[in-house]
Each structure stands twice: as C-alpha cells, then as structure tokens.
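Structure 1 and structure 2 below are the same protein chain in two forms, each given by itself as structure tokens.
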Structure 1
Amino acid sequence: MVATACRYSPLLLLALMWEAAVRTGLISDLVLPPFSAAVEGWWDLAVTGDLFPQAFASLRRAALGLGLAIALGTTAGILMAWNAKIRVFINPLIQMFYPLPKSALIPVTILWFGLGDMSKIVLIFIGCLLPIVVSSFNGARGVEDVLVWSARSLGASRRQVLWQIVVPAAMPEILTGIRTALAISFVLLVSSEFIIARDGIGFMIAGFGEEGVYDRMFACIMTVVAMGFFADRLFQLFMRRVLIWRE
C-alpha cells in the first residue's frame, strides 16, 4: 500500500504542479482549468450527470468488439499454424489488411452500420482482429516440435495435441496479442466516438470541448485514462495468473 503510494507519488506531484501553474497565472485558466476544477467537474458529472452510463456504453462497445475479435482471432491464428492449407488462404488477406491504419475504416463503418453501437463494435472488432490472429499464429507455430512429439508418444491424438499442447504453449503470445488489441480497442473507441456518435465517453469529451466546458472535458479525459489504465492492469493480473508456470 505504502509502496504503491510512493510509486505513484509523482502523479500527485504532477497534479500539484498543474494546479499551481494555473493558480499563479503561469497558464491561463482559459486554456487549462485548474486540477481542482476538473475534479469538481468529475464529481458533478458523476453524481448528477450521466458519466457512468456513458462510460458504460463505451466500455460495452469495446468489450463486444474485442470479445468477438478474441474468439475469431485466436481460432483463425491457431488453425493457420495447424494447417498449411488454411494458412495459404488466410495469410494473403492478413498481409493485405495488417498495415492499414484501421481508423481509415471509420467512415465506412458509419456508412454501413449507422451512428449507433454497431459501427463502433465492428470497427473495434476489425482493428483488434489482426494483432490477435498474428500473435496466435506466431505462438502456435513456435511450439517446439519435441513437445508435440512427446505428447504424441504419450498417447495423445492429433486433436488432443491441439488442445493440450499447442494452445497452452501458444498462450503467452496469444495473451500478449490480446493486450495489444486491448489498447487498440480503446484508441478506436475514442476516435470513432469523436468523429461521429450520439453517446459515449468520447462523444462527451468532444462535446464539452466544443462547448468550451473545459473542466468537464478534462474530467471525462481523466475518466478515459483511468479506464484504459485499469483495463490493462486487470488484464495483466489475469495474464500473470494464467501464466504462473512461467515464473
């Protein structure tokens, strides 16, 4: 507890510097509300406004898109490693779409799926899919031959080898890929909500920015930052539990 407080104390220092810079007039409060005002704005939004429902709507989009990408991406990646014929057909598509900055798809997803949830979920799904496919493929392909062989000589069938050897051996890389995808999902979420949306935390940030309500804008930004941070922390905890054998 104390150690954590100590570790994160520079953040507090940063907040104090922010507060002081505005209070002393070093930075005009027209372009930067003092930290305390942002905290107050957050509190107002939290108790009276709809900060939490909006944040939840956003989280739901990210979770659905990412969840779909995990389900399909890990399957496709492992199958690609497992079967050379499948690989020949999927790989070119991956090579083609991998380098595309996925934010370029925002206008099209809106064109196809409208302004609501669907367009964001699809965008996040597409954006997260490829990193997960690629990392699952690399993980599954990197499995050492001797592990597969020893499972086979211990009586495992080819299908059992897939589940009992290939999947766990690939797990570290799969989880690393999912962690990358998690970060991408937040970027695409906020971006697409900035560009066209009717609700969501990104929509709120953009809206308060346009109206010039900067304390609330900063409050929402801090909320998104916290969401990204805690999602990643939780996932890291999960990763560590799953991968205890790596110690």
Structure 2
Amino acid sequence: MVATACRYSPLLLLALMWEAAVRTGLISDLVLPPFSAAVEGWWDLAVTGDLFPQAFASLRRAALGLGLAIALGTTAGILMAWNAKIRVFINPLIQMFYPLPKSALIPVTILWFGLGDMSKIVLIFIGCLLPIVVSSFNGARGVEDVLVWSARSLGASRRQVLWQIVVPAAMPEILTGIRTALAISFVLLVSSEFIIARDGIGFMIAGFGEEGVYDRMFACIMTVVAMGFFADRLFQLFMRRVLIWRE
C-alpha cells in the first residue's frame, strides 16, 4: 500500500503545483482554472448525469476500433511472418501508410462514412492497426528457429507449429504492440470527436472550450486522462497474467 502511494505521489504533487500556480497568480485563471475548480466541475458533470453517458459513448467507439484492429492486425502480422507471398503483398502497404499521421484521415472518414460513429471507429481502427501488425510480424519473425525445427522433428504439422510454437513465443511482442495501440486509440478518439461528433468526451471538451467554460473543459480532459490511465493499468495486469510463464 505504501509502495503504491509512493509510486503515484508525483500525481498528487502535480495537482498541488497546479493549484498553487493559479492561486498565487503565477498562471492566470483565465487560461487555466485551479485544480479544485476542475474537480468541482467534474463533480457537477457527474451529478447532472452528462459525463458518464458521454464517456461510455467514447469508450464504445475506442473499444470497437481497437478490437477490430487487434483481430485483423495480429492475424495479418503473423501471416506475414509465416507466408512469404502474403508478406510481399502487405509489406509495401505497411511501409507506405505507417508514417502517415492518422489524424490526416479525418476528412476522408467524414467523406466516406459521414458524421456518425462509423467514421470514428474506422479512424481508430486504421490508426491502431499498423502498430499491431508490425509488432505481431516482428514477434513471429523473432521466434528462434531451433524451436520450430524441434517441433517439426517431433512430427508437428505446420499448423501446429504456428499455433503452439510461433504464436505463444510472439505473444510478448504482440501484447506490447496492442498496448501502444491502446494509447493511440485515445488520441485518435479525442481528435476525431473534436471535429466529427455530436457526443463523446472530445465533443464535450471542444464545446466547453468554445463557450469558455474552462473548469468543465479541464474536467473532461482529466476524465480522458483517467480513462487512458486505468485502461493501461488494466492491460498491464492482463499482460502479466498472460505472460506469467515467462517468470
């Protein structure tokens, strides 16, 4: 318990510094409300019932986009490493689209999918797909040849080698890529909701910012930060559970 408190003490220190900087006039409250005001704004949004439905709408979009990216990305990455023909076909596409800032695709998703949920889900899917494909490919390619040779010498079929040797051995790299994609999903979610949403946390941040209600705007920003933080913590627990065999 003490160790956990010490680990997260910098967050408390940041909150205190934020409050002190505004209260002492070091930073104008016209551009940054006190931390206590942001907390009060968060409580008001939670009590009125506006916050949690909007947060749920955002999480649903992120989960759908990320889930599709995990399903397709891991499959594509492993097949690229396992089959040279698939690698020759997919690799140029990965090299072309990987450096592209995914937020640049927002106008394209609006044009193709409109202003509804689909445009946000597709954007998150595309942004999360590539790091998962790359990590899955690197993980599968990095499996030691001696493991594959040993399995084949014992009579394992090609499919058995893939599912019983390659996929488990590549799992640490795959999960690392998924964790990276998890962070990207929140970035793209908020970016897309700024522009092409009628609800969601990003929509609330943009709306409160335009109205000058900065305490509630920062309350929504804090909500996004908390959502991303706890999602990452939960995924790390899942990773440790899945990779317990490494210990």
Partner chain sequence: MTSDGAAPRVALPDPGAVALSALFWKVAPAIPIVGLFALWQILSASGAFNPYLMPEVPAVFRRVALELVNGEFLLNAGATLYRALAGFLIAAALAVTIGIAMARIRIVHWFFDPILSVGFPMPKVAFLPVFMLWFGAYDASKITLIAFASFFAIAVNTVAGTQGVDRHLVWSARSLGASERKILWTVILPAALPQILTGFQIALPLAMIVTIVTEMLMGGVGLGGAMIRAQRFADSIGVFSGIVQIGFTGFVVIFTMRWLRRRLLSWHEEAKR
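Please note that residue numbering is based on structure 1, beginning with 1 at the start of its sequence. Basically, rigid core = biggest C-alpha set you can superpose within 1.5 Å across the two forms. As the structure is a computational prediction, the values presented were derived from the model and not from experiment.
S.K.: Looking at both copies of this chain, which one is the form predicted together with the partner chain?
M.R.: Here the form predicted together with the partner chain corresponds to structure 1.
S.K.: Is M239 displaced by at least 2 Å at its C-alpha between the two structures when the rigid core is overlaid?
M.R.: Where the cores coincide, M239 shows only a C-alpha shift between the two structures that is less than 2 Å.
S.K.: Rigid core fitted, then: does S28 show a CA shift of 2 angstroms or greater between the two structures?
M.R.: Yes.
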